[in-house]
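Presented as structure tokens, the chain that follows is alone, the form predicted on its own.
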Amino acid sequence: MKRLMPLLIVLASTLAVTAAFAQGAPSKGLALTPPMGWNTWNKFGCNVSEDLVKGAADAMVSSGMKDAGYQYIVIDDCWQVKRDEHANIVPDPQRFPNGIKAVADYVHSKGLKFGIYSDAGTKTCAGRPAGLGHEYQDALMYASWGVDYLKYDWCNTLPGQDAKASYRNIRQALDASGRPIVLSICEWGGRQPWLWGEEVGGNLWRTTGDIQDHWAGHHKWPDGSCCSNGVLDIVDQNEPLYSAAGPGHWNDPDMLEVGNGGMTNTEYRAHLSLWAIMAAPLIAGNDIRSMSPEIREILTNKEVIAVDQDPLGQQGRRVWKDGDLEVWSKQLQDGSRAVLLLNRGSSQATVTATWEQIGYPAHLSASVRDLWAHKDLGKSSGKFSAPVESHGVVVVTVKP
């Protein structure tokens, strides 16, 4: 019987694929705006548990994050310890004593969605059992647990393994499970997933290396290995790829570091604002159970989040730069523009956005609203100027 199990799984999977695609793939229509949620990795690494995930679900509701649009609670690496005699993936019994389905059920009971992590190679980045050769079997297991979101990494892959084919395979496996599951392609940009991610059914794809909690510059990881990227480095890698993004398929410049302590609140406001103007997924990575009121206010700014979640789905881009000063613009569904003034420099400076830069006639009169001050600034003609503090942003909407 043990020898028959893999064959039976393949046969069942093949039948499921045929049925799923005859009915239309379950993944159609997912992530029409950039996914919003929380992930364990940036703050907790491998220190994951049932209690942590349930506590995060509670906090997402009580903090106002759910009300602001966050919905996915995602367990990253290290939840899994082995495969059983039937090659089924096994959660850590000490950390998840009631299994993953019980955790997913709890998350769902809060009106939230549940996500999990695996990898396209032989082992995950932390050396745990990964998905290569078990894609359909794992997808059926994830569906039975109630998984809504899968982050699929690219560690420990085989020499010559084809990323496009690997991610197409896991998408087909997820669809064959019959459950709508968002696919987060965590291939860190080396194989240019923005060129093929939509084609293979990815809903978001990493465009950069891993983020770390710094404003700028490359920093070594605590174990001495090299290197992660500061916020500005990641912004500069992600910005030119704006044409690849749209409803259902997003450029992913990695998760948020807001609230993890390595930057100032001014820098965290800029971090969230830049992700919003780039229509990036907003996946918080701090301890949302114990965040300060200031960090909560940053993460739950509904006006800035609305820029990210605008249904037109256009990724904003840099339209002017002079040294450390920049203007960014994002067209919104109602024809207005979200405009971000960025000051990368070490002292306050005035930044001006002209209407021509953001795609309007110079003579136009338009209403301006400051999204961090939550204040209407009246009408402006031709341009808008504001003082911007060091490492800060001013974010406005400009509406004719």
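Everything numeric in this text was worked out from a predicted model, so none of it was measured. We number the residues from 1 along the sequence you see.
Note that the form predicted together with a small molecule isn't included here; everything after this is about it.
- If you check the small molecule in the model of the complex, you find no heavy atom from any of Tyr72, Lys113 and Tyr142 within 4.5 Å.
- The stretch among 318 to 326, 120 to 128, 133 to 141, 105 to 113 whose residues place heavy atoms within 4.5 Å of the small molecule in the model of the complex is 120 to 128.
- The closest heavy atom approach of His249 to the small molecule in the model of the complex falls outside 4.5 Å.
- A residue is said to contact a partner when one of its heavy atoms sits within 4.5 Å of a partner heavy atom; Ala276 fails this definition for the small molecule in the model of the complex, lying far away.
- Heavy atoms of Asp77 reach within 4.5 Å of the small molecule in the model of the complex, making it an interface residue.
- In the model of the complex, Asp287 stays away from the small molecule, with no heavy atom inside 4.5 Å.
- This chain is displayed alone, yet in the model of the complex one of Trp188, Trp196, Tyr242, Trp215 has a heavy atom within 4.5 Å of the small molecule; that residue is Trp188.
- Note on the partner interface in the model of the complex: the residue among Leu272, Val182, Met255, Val235 having a heavy atom within 4.5 angstroms of the small molecule is Met255.
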